[in-house]
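First, one chain by itself in structure tokens, the form predicted alone.
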Amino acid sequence: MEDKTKKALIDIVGEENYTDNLIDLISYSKDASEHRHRPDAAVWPATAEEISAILKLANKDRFPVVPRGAGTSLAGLAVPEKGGVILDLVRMNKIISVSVTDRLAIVQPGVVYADLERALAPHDFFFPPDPASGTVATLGGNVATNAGGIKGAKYGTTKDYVLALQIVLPDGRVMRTGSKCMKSSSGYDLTKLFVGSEGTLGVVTEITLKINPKPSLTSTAMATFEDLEDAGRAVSEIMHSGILPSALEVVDQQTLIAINQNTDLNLPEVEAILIAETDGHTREETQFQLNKVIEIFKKNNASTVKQAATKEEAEALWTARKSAYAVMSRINNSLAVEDLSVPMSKVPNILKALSDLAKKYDLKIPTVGHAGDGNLHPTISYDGTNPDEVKRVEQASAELFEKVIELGGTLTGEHGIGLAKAPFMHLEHDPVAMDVMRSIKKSFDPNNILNPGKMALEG
């Protein structure tokens, strides 16, 4: 990057909001994925006007700009694959307004999910899409990836709650999409186009979100299964039983073994554990739903079923699911966290396929996930310094993606494509669909300055 470009960036954001220090650039070279590439500089803008000026400069001087939130992406979305400037949005972290009357909140992209939840709690409202990284993940990142979470089966994902956006386009123009209304059929739905676009079409600078009244009560139960396919069938049956649990999570045997080897939880090392939660505003309502879930657990050969009697017992039942990622990240020096989704009827098939792949490639593939909407997270903890092991991981992943598409599934349910899944986009999207996506990217960003290298959009 030329000195005149660096000086122009400093003129826009101020010297205190610009860095090209090596230690900072190394920090910005990665996110939570295994991908790495160092940027040339990083800036901390404070306004849409500053971002507009930066993007105009980027178009003039032809350097890449990569929007970034908290860097929790597991697919390499925030990695500056082609260098350039990291646009760190975490200082744009104001909750602009909360209107319970209108059921909406207006926030900047750097607001952390958990901070919005705290702001909504006194009103007995909540923002349902709750990613596992919600204590640190930003809402701009939620929008970029269409993030979900454990409540997705009942409450949906981020796209179901974004009503309007303010966006800075790649040429520096500022655009507003959507409205503050719960319903709108006015023109093309540009808001939804940007949700899940991974920062390739524009930079989100303001988000208007629909918020929900928070159910006051929950009921929780855990079931153990000696057979993985029994657990899969239980999930499928629950989700077409007429009951929509607020959460239905799966933890498989390899995950349970890993947790026991690295903690003192002493969990049963069965083939799978299912954890279900129902919510509502009366105890009768939540218990009626949970009774139906428990009935289906037992019908599908659950070896044990335990219902939590207190909030503390409920937290204990959730311990296995919530500790999984932290435990698996400690097992070895590299971690590949996949993010597949399949139709509900195919959950048993994909669980069996994962077990078969682990044996075929001599790998441990612990799996947890949001079983209630078919979104699973097989996680391969491996030695990234061992070429043979790396090759087996790559072969297993490629075969897994082929199997997912064969079952009518999708490459990603909530993490996004980024760099990790870009080589496999052709499996899911036919040539016409890829051509349309690339045309949209080129229309918005003809100089390809925004987050280049992601989603196979330059194919």
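We number the residues from 1 along the sequence you see. On a predicted model such as this, the values are computed, not experimentally measured, just so you know.
We do not show the form predicted together with another copy of the chain, though everything after this point is about it.
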query	finding
Partner-contacting position among Gln253, Gln289, Thr224, Thr72 - heavy atom within 4.5 Å of another copy of the chain in the predicted complex	Gln289
Heavy atom within 4.5 Å of another copy of the chain in the predicted complex - residue from Leu265, Val136, Ala326, Leu190	Leu190
Contact of Glu198 with another copy of the chain in the predicted complex (heavy atom, 4.5 Å)	yes
is_contact(Met425, another copy of the chain) in the predicted complex, heavy atom dist at most 4.5 Å	yes
Glu285 within 4.5 Å of another copy of the chain in the predicted complex, heavy atoms	yes
Contact test in the predicted complex: Gly148 vs another copy of the chain, heavy atoms, 4.5 Å	yes
Candidate spot Val13, Arg68 and Pro131, all three touching another copy of the chain in the predicted complex (heavy atom, 4.5 Å)	no
Segment that reaches another copy of the chain in the predicted complex - one of 367 to 375, 312 to 320, 266 to 274, 110 to 118, heavy atoms within 4.5 Å	367 to 375
Contact set, 153 to 189 vs another copy of the chain in the predicted complex - heavy atom within 4.5 angstroms	Ala153, Thr157, Lys159, Asp160, Leu169, Arg173, Val174, Met175, Arg176, Ser179, Lys180, Cys181, Met182, Lys183, Ser184, Ser185, Ser186, Gly187, Tyr188, Asp189
